[in-house]
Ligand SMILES: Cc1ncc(COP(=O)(O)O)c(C=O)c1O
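One chain comes next, on its own, written out as structure tokens in the form predicted on its own.
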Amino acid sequence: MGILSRKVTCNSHGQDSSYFLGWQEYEKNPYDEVKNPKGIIQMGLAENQLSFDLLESWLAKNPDAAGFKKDGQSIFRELALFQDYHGLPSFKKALVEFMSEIRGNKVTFDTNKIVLTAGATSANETLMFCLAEPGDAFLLPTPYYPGFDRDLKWRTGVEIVPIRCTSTNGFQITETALEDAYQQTQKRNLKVKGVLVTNPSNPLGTTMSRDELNLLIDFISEKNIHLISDEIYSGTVFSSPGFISIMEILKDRNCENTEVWDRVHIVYSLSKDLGLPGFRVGAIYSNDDMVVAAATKMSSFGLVSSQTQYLLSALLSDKKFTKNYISENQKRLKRRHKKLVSGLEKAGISCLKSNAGLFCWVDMRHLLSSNTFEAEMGLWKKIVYDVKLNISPGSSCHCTEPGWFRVCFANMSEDTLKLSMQRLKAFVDSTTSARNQSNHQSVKSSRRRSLNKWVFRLSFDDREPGGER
């Protein structure tokens, strides 16, 4: 092992998290309606498969784009040759316009300030390399996406310090929580370089309020640190309150030409809004020219292919299509979300009220055998191995309260979702019945012990003085 690097042999990737272990169990026994109807249903993967038909319909109507043609003539050779890492101008223009459209055109984006990356994973890691040194810290509100332990820390050496949010206020960020996290880093002699948030939140499925966003701007202004807003789910907001981008807050506060303007950075991707994680299209947006220049150089290690850029530039430039897609996709997410919530309610399970994302933050605290993370893991294992549903336990998201789980709803058919809810309800019913029976037996046993004590005491009291009864 001595001939290998420490990076190879270290265990900081996070692959042993229950979040990833659940995937591994699913891959060993994946559910298939025909081939494996008793297999594990994947509810731990935040994929959006609800609007593929819209994308496929567009491709069928636009064969030139899919066939790498322009005005009927093949441009395959042009796309097949090397492209520099700045990206195709046509795609960058289409992407920033799509980002504006998702935000109701309340803000606009400059193509000169966007850096293309191979997905949001690459974008977040690149920003860590640009903004922090190994051993520096970023503050993240809990619960947060389990993959951040890999994306932000593994290769960069950056530390994550949790901003501890709780269910008492719907896991919203508070001034006290922010300050406590900052003080914690001071005690550990860590230098805080910034705060990273996901908005809409993964795993909560909620959008951040204007008050929270203003609080963050005030905080980073006071501490002279950075803010990264990962807005990968910005196009999945399906009900009120609507999505507010951090860029909108900056403009409302007239932050242009101020220091804080250059210390706020946005991460975006087409993985969730368009359901294209396999295309590996992400982006960094920053007002800091030095960050843009450095990130552009780093992007050479994770470029988006020219073919992918060409195809998507044609699709995103079709404004009639994008307008219809955004609207229809949000309607479908809303309907599917409603079906999951309804199915959970029938099983006696509630969840955090949410308005975005591809998942719900589900409250199963009442099913725990005790209020501990050990009990949470015990429940999770039963759900994976016995119920055959892969969901993500809250502890994998660094939630401070045991009993919460992330459950995805957009990566399966409606029939599969219905089956998953039937399985879950049967499990809850049997668990509740067994618990009630156990409680009943406990009560009976307690009554029996009390009765025996009463009979003994009565027998003792009735004895004749100095002799037996």
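Start at 1 and count along the sequence shown; that's the residue number. Note that this is a predicted model, so its numbers are computed, not measured.
Not pictured, yet referred to below: the form predicted in complex with the ligand.
- Taking a 4.5 Å heavy atom cutoff to the ligand in the predicted complex, the contact residue among Asn124, Ser396, Asn390, Thr236 is Asn124.
- Among Arg164, Lys92, Lys193, Lys272, the residue placing a heavy atom within 4.5 Å of the ligand in the predicted complex is Lys272.
- Interface residue remark: Ile228 is not counted as part of the site for the ligand in the predicted complex, having no heavy atom within 4.5 Å.
- Using a 4.5 Å cutoff between non-hydrogen atoms, Gly119 counts as a contact of the ligand in the predicted complex.
- Interface membership of Ile232, defined by any non-hydrogen atom within 4.5 Å of the ligand in the predicted complex, is confirmed.
- The ligand is not shown here, and in the predicted complex it never comes within 4.5 Å of any heavy atom of Tyr310.
- Heavy atoms within 4.5 Å of the ligand in the predicted complex belong, among the stretches 325 to 333, 142 to 150, 213 to 221, 166 to 174, to residues of 142 to 150.
- At a distance of at most 4.5 angstroms from the ligand in the predicted complex, all three residues Thr198, Asn202 and Arg280 contribute at least one non-hydrogen atom.
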